[in-house]
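Next comes just one chain, in structure tokens: the form predicted alone.
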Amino acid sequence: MPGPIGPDEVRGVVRPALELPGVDGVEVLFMHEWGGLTRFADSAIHQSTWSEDTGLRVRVVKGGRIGVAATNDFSGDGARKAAETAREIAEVVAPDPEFPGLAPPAPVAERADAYDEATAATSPEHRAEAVAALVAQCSDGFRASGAFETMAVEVGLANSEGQFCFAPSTQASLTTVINGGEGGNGFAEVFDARVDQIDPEAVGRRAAGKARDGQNPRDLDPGTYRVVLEPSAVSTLAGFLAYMGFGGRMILEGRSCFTAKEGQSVAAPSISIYDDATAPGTLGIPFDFEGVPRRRVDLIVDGVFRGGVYDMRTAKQAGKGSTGHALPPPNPEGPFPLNLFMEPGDATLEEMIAATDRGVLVTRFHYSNIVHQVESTITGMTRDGTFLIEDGEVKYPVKNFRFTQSILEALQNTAMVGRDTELASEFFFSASRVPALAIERFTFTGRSDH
């Protein structure tokens, strides 16, 4: 079973690339990922895989021109050849007058809790036992589907300016949908840096309860309702807002819903959002893909937009300093936050429901897409647990809706913020920790037949 390569070997392998002659600068990004995935459907495991990938991405600067080349040959010879290819590319592309240079040497804080050896070495048998414990929570006539994944990653960056940073991290995730009976579906998932924090029985019970309570969903007319969004649904709003709004390039180019709104109220006073890859309770690494140390960035404070996130290029264009949010080169999208936190409030989910005269409880969204970026409007569907609330109680399940909604309008109409937060992750380097929200006005534009 593979394991960590470590910083010393990475330094030795990338050295020939950094010593490339005839160039103005060299940057080498190293990434090593390994882990296992166990998929199950109809309450039985149908796939168990293991994968490992090691790669180098070399960026070369020559005469104001930039070339980028990648290789999976993790050796000194492989690094040197990739650097030579990047140099050849740099010699023929157009000059880049906005290139900000390579990151200077700077200390990077360690995250001692980010890497867990047991998670990195999780066996197929361990994952299979966890799946069995989850499936055992299904009642007769119900079936569970989903996936249990355990992954590890090492990221390192070295450049000719003298910057070197290295960090390992791990991630475990268990996701399931349980269905059966007369149209009831239930969803639950959990993410953590440590596999021993995954409780498969609790995940199974949560999804099974949703499936049981979701039997025989009824019709409910689309329209504008007060909604109670569970954290899984809120994470969709947070993820799209990160992509559409907070990135420095989009703000500078006028494509963001936050362009020219710094210092303005954009959400309810109860809403505060920040990004911090170094904080406990997330899955980040403490530097970005240019080697700039990451730090906490307050994005929305008490409903007021404070500013976005920047890599070195967009920081130069904006006259700011990089916030440590560069993505791997070449990167046409610019920076965006990968480790969002929404500050919790003081309400329980039960209190949110009790405060709702008539509304809809939403477990999660799916198939979501952008409608109007500048207006922060997205569309999508509810899924796996949608219920009518009347007189402060969950009355019965309803058929799924299509929604079309401005995220900022939803945040402006937030009435209550949950005290408990959950972590959701779309891909390895991205995670959002969010609470449940009660929102006064949320627009459902259509209805499903199930």
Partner chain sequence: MLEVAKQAVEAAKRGGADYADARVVTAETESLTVRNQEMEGVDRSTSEGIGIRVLVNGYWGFAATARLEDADIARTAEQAVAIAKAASRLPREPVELSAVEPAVATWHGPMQEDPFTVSIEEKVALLMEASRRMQLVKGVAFAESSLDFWRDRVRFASSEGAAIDQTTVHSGGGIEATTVGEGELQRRSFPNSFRGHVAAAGWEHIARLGLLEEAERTATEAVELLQAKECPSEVTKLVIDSGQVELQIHESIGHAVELDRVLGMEESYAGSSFVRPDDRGKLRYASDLVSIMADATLKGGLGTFAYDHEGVPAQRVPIIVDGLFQDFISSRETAPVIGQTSSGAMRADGWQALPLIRMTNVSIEPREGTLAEIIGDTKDGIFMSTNSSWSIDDHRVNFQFGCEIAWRIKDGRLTEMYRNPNYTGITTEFWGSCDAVGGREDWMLWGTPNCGKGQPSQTARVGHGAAPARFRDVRVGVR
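Everything numeric in this text was worked out from a predicted model, so none of it was measured. Positions refer to the first chain, counted from 1.
Below: the form predicted in complex with the partner chain, not depicted.
For this session: Run the contact test on 76, 118 and 172 with a 4.5 Å heavy atom cut-off to the partner chain in the model of the complex and return yes or no.
Result: Not a single residue of the candidate spot has a heavy atom within 4.5 Å of the partner chain in the model of the complex.
Problem set entry | Answer range among 100-108, 319-327, 294-302, 120-128 for contact with the partner chain, defined in the model of the complex as heavy atoms within 4.5 Å | In the other structure, the partner sits against 120-128.
Problem set entry | Contacting member of 70, 398, 415, 407, with respect to the partner chain in the model of the complex [4.5 Å, heavy atom] | It is 70 that has a heavy atom within 4.5 Å of the partner.
For this session: Counting non-hydrogen atoms within 4.5 angstroms of the partner chain in the model of the complex, say which of 213, 88, 346, 113 makes the cut.
Result: Comparing distances to the partner chain in the model of the complex, the residue within 4.5 Å is 88.
For this session: Report whether the minimum heavy atom distance between residue 449 and the partner chain in the model of the complex is within 4.5 Å.
Result: Answer yes; at least one heavy atom of residue 449 falls within 4.5 Å of the partner chain in the model of the complex.
Exercise. Given that the partner is absent here, does residue 163 sit within 4.5 Å of the partner chain in the model of the complex, heavy atoms only?
Worked result: No, residue 163 is distant from the partner.
For this session: Would you please decide whether residue 314 lies within 4.5 angstroms of the partner chain in the model of the complex, comparing each non-hydrogen atom pair?
Result: No, residue 314 stays farther than 4.5 Å from the partner chain in the model of the complex.
For this session: Indicate whether the partner chain has at least one heavy atom within 4.5 Å of a heavy atom of residue 245 in the model of the complex.
Result: Residue 245: no, not in contact with the partner chain in the model of the complex.
Exercise. Hey, which residues along 254-292 are within 4.5 angstroms of the partner chain in the model of the complex, non-hydrogen atoms only?
Worked result: Heavy-atom contacts within 4.5 Å come from 254, 255.
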